Every structure is written in C-alpha cells, then in structure tokens.
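Shown next as structure tokens: one chain only, the form predicted on its own.
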Amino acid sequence: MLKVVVLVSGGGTNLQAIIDGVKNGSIRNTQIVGVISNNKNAFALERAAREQIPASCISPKDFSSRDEFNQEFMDAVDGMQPDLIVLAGFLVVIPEEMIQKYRNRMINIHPSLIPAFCGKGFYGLKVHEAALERGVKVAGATVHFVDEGTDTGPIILQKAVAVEAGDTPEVLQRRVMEQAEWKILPQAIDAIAGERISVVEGKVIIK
C-alpha cells in the first residue's frame, strides 16, 4: 500500500482528484495518510476532514525562524512515514534536506507544459495570465518529480489542453484543471503505486 501525504495551500481541487481516484479505483493500492497546509483557511483542510484524513496547518508565519518551521514541517511529514509526497498547489519552498531525503518520492503538479511558464513566480493564475498574454494556442499541465530547482525535476506526465478564443485566465485555469491536472496527477500516483515508474539518468521511464 502506497502511503501518500498531500501538501496544499488552497482549495485542494487536486487533493479532491486524488481522494476521488482512490475511492473509484483509478488510483490503486494507495492510502492518503495525511494532509498538511501552510494556510489554516485552506478549503483543502475541510476536504480532508470530510474524509477523516489526518490534517494540520503548519505555517512559516507561526515560527520565529525559517529553520524552526522547516524542522517542525519535516518532523510532521516524517511522522506520517510517507512513501510518496504530493505537492498539490503548495506555495512554500521545500527544505533542501527534505528534497534529498525524499528524492524521486516527491511529485508536483504544475499548470503548464514545462518548460513553458514555469519557475520562480509562475504559480496559480499567474501561469494562465502569462500564457494568454503570450498568445499560445496550447496550454496544459505537468507532473514532475521535485528536485532542488523550481519546476526542474524529471517530468513524469504531461497533457495538452486547447486555448480557446475569448479565454480568460480563470476560464483557462478551470479547463486545464478539468482536462489535464485532475487526470494526470491520479495517473502518476497510480503508476508509482504500481511500481511502474523509474528514473534513469534524470529521465522518467514508465513501464
């Protein structure tokens, strides 16, 4: 059984996609053992509570130093003994020590086709604003392993989504969620649970 901890800052729509995938069997052999948010008002915590998934808020704002937060945060994650950590819209820099400890066991969902519109400053609606401003015809989402860079880890899955005339950032964001994020994130977790993914020389191999 793959034990998953989900890290999230906001509404938790991708968390919901994982919950639904576990329930409907599209994510097999997987259990969500915990949810952590840096935002006490995140609706994701409510989603977790509904499913009786252990959930907590650990925010850098509540600590006198970043080192104190990092230690508390890592202790909380380690205490749940996850096989996989999923960043589902988590807007906090992951401590380097944690990245090293969970190498190729921590994944992130990003709302663009990496390497487009990614890296520092590209998150949430900002990604879709930039895509529309550039005039791209195709948007999408990427699931990748987390490394020390921002959106630079090995790519697991990508899915393209058409940009339509008259799209606003909000409309495009919703379409990318529905047609890409909520599909490829569960697929990636299922593949990891089924031990069908390996990383060879920085590239992901899916069996």
Ligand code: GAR
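Quick note: we count residues from 1 along the sequence shown, nothing fancier. Here the structure is a predicted model, which means the values were calculated and not measured.
From this point on, the text means the form predicted in complex with ligand GAR, which you will not see here.
Proximity to ligand GAR in the model of the complex, defined as a heavy atom within 4.5 Å, holds among Ile109, Val77, Met106, Leu113 only for Ile109. Between ligand GAR and the residues Ala131, Ala88, Ile85, Ile94, the one pair within 4.5 Å by heavy atoms in the model of the complex involves Ala88. Interface residue remark: Ile155 is not counted as part of the site for ligand GAR in the model of the complex, having no heavy atom within 4.5 Å. At a distance threshold of 4.5 angstroms between non-hydrogen atoms, Gly194 is out of contact with ligand GAR in the model of the complex.
In the model of the complex, ligand GAR stays beyond 4.5 Å of every heavy atom belonging to Pro186. At a distance threshold of 4.5 angstroms between non-hydrogen atoms, Val161 is out of contact with ligand GAR in the model of the complex. Shown alone, this chain has one stretch from 131 to 139, 67 to 75, 115 to 123, 97 to 105 that lies within 4.5 Å of ligand GAR in the model of the complex by heavy atoms: 115 to 123.
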